[in-house]
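As a starting point, one isolated chain is supplied in structure tokens, in the form predicted alone.
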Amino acid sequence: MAAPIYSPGLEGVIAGETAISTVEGGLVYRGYSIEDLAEHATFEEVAHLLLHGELPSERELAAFRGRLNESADTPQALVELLAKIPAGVPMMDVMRTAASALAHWDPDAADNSHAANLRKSEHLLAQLPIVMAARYRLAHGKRPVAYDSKLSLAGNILWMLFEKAPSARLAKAMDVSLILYAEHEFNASTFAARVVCSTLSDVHSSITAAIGALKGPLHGGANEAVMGVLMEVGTAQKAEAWIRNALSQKRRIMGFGHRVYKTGDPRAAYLRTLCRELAAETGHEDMEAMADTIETIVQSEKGLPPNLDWPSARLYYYMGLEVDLYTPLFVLSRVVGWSAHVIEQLDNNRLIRPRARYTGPAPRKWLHIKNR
């Protein structure tokens, strides 16, 4: 009998099947390239595609938006809970708590049927942006802003945060970022969600686990670390000296390299153009030039192309968003992909239970406590 194959971190291991997305030859959502979707679709269309399997017709899209609007009714008790969470608690911890707490007000929480899981997924898609914006404003001594059914999900995120109608370019930038972050095959947080639901647990538990996985700086928290790098460098004039010094010290620069994309992350390539446009609109050309210098040197010296976190951190900064919101914004997008995977897993479930490679002591005899 052949010895089991050991792959640290499960790198390269095929752990299941999915019809939701693939990273082979670029990122594809249910057959559609990420470039086509980012260029032509809205986030609501992409959310429908991931959850329901197809891009919606006009009638289906209107019905989907109608259901999201009906779901945008966060319980007042939850808002009161958000206000009582101690000041200074990281926003990702708040999002993790909220995803779990929302189950208490969902009548379908314990129903694992396909239809009920779709309803719960749509509720979470509509409610989590409200949670994030409400907590942000409460933490800043401001009252929460009501969801506006006339705006898109992307527009509502900016509206509920700032109580100001976003420009068309800002709304588009947010919409595209949500599309690009919505799904990414068997990444760490998605796999965590699938492991949880494979035990026949529920959607809310699975999403809560996924948020916990996303919180880590090697996954969702990477875009926050990218912003830290850009703030440390300061100006485009200092960029070359800073990055060459950092590389000489073998410092890891977040936002570069990817376990799957060895020749470049297609999401980063698409977002780069949008970053330049928004930088010009908001007066951040110097930061964009700084980023270009760092990117060029890292690629030439280390052979590492940027991943999505590199441009997305700048994009959010140009929107006027605080760093503590960067990874929660990832949650608002990826909840669609997570939910689609939970539904897919439960529709054809097999308990996910891998083995471990034992590295402990050889078999030993029991010794009485007096002889140890």
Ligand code: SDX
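We number the residues from 1 along the sequence you see. Treat the numbers as computed from the prediction; the structure is a model and nothing was measured.
The same protein also exists as the form predicted in complex with this ligand; that form is not shown, yet it is the one meant from here on.
Put simply, of K150, H140, R251, K84 only one has a heavy atom within 4.5 Å of this ligand in the model of the complex, and it is R251. Site annotation in the model of the complex: the residue of A38, L325, L315, L304 reaching within 4.5 Å of this ligand with a heavy atom is L304.
The candidate spot formed by F43, R65 and A168 lies out of contact with this ligand in the model of the complex, as no residue has a heavy atom within 4.5 Å of it. Note on the interface: of 286-294, 126-134, 181-189, 75-83, the segment with non-hydrogen atoms within 4.5 angstroms of this ligand in the model of the complex is 181-189. For V233, no non-hydrogen atom is located within 4.5 Å of this ligand in the model of the complex, even though that partner is not displayed. Proximity of K120 to this ligand in the model of the complex: non-hydrogen atoms within 4.5 Å are absent; the residue sits far from the partner. Using a 4.5 Å cutoff between non-hydrogen atoms, G155 does not count as a contact of this ligand in the model of the complex.
Although the partner is absent here, R259 sits close enough that one of its heavy atoms falls within 4.5 Å of this ligand in the model of the complex.
Along 104-119, not one residue places a heavy atom within 4.5 Å of this ligand in the model of the complex.
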